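Here you'll find one protein chain in two forms, each presented separately as structure tokens under the names structure 1 and structure 2.
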Structure 1
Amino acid sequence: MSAPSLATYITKRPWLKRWMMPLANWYADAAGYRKLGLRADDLIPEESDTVLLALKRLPPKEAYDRVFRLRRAFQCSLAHQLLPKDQQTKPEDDYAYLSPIIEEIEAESKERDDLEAMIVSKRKKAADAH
């Protein structure tokens, strides 16, 4: 599910992060999802089993807020209107709430696959070696 990302490379280098942050902020603002009251994680497609499981693991309040944001954005889209400035998502409110859960599920899945692929064999006794 997760695509390769340069984010870790950029955040480890302060000079590069300082240079890229204005560009990243401009891009997030130009994307327009904040003007509809959405967060970046609201845009993750719900088509994979991993995302569906992550949505089930969300706390009830966060799940309710997500559905509210999606419905409100859909209504704004149908009306061809943007939310008033005071209701738009602010950059500090646009944090990852679903991505960490997705990464956790992917790690669990990888660990499960590794354990299922493991071959278990009996150890030979020390007495057999003599």
Structure 2
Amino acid sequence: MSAPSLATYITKRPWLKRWMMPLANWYADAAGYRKLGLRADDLIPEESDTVLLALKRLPPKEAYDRVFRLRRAFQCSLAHQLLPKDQQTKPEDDYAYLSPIIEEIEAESKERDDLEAMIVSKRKKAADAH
């Protein structure tokens, strides 16, 4: 599931974004997942129907790479080691490959809920005729 965040609020304001970006980059790097060769989207908890469905919808190559990254990270974690510098995730590789699909699925279910909760009223023209 996508967590609540201030990201949209900040990216809407260029001056704030300019101010926050170095801080964000420092934080992402300090979080340490890149040193295990992971991407930010690999950290999204899998235990929900939405994410499971999103994982099913991943293109085969992305799904394969994800499993590879996770296994490598487990291995590193067990061995109490970090990956060599050249195998660590570069900031430009750390893009959102899963969250757009999750957002799409969330939008779908929101639309379904909205349509389910809709109150139907008769059309003006048809109502006048009767």
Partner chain sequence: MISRATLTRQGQRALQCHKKPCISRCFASAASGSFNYETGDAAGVKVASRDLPGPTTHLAVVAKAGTRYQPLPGFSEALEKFTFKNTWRRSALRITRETELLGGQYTSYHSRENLIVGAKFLRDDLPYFAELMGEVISQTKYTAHELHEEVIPMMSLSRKAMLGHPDLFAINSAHAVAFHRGLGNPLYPSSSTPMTKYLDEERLQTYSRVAYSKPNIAIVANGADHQELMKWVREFFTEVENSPPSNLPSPGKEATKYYGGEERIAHDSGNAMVIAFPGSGSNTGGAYKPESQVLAALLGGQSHIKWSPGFSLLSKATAAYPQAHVQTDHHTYSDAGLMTVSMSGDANQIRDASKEVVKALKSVAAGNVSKEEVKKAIAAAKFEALESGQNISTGIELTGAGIIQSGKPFQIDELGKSIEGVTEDQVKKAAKSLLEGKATVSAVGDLYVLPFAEDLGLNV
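Rigid core here is just the name for the largest C-alpha set that superposes within 1.5 Å across the two forms. Since this is a predicted model, take the numbers as computed values, not measurements. FYI, numbering is relative to structure 1, first residue = 1.
- Between the two isolated copies of the chain, the form predicted together with the partner chain corresponds to structure 2.
- Once both forms are fitted on their core, the CA shift for Met21 between structures 1 and 2 remains under 2 Å.
- After superposition on the rigid core, the Cα of Glu108 moves by less than 2 Å between structures 1 and 2.
- Taking the rigid core as reference, the CA displacement of Ala117 between structures 1 and 2 comes to 3.0 Å.
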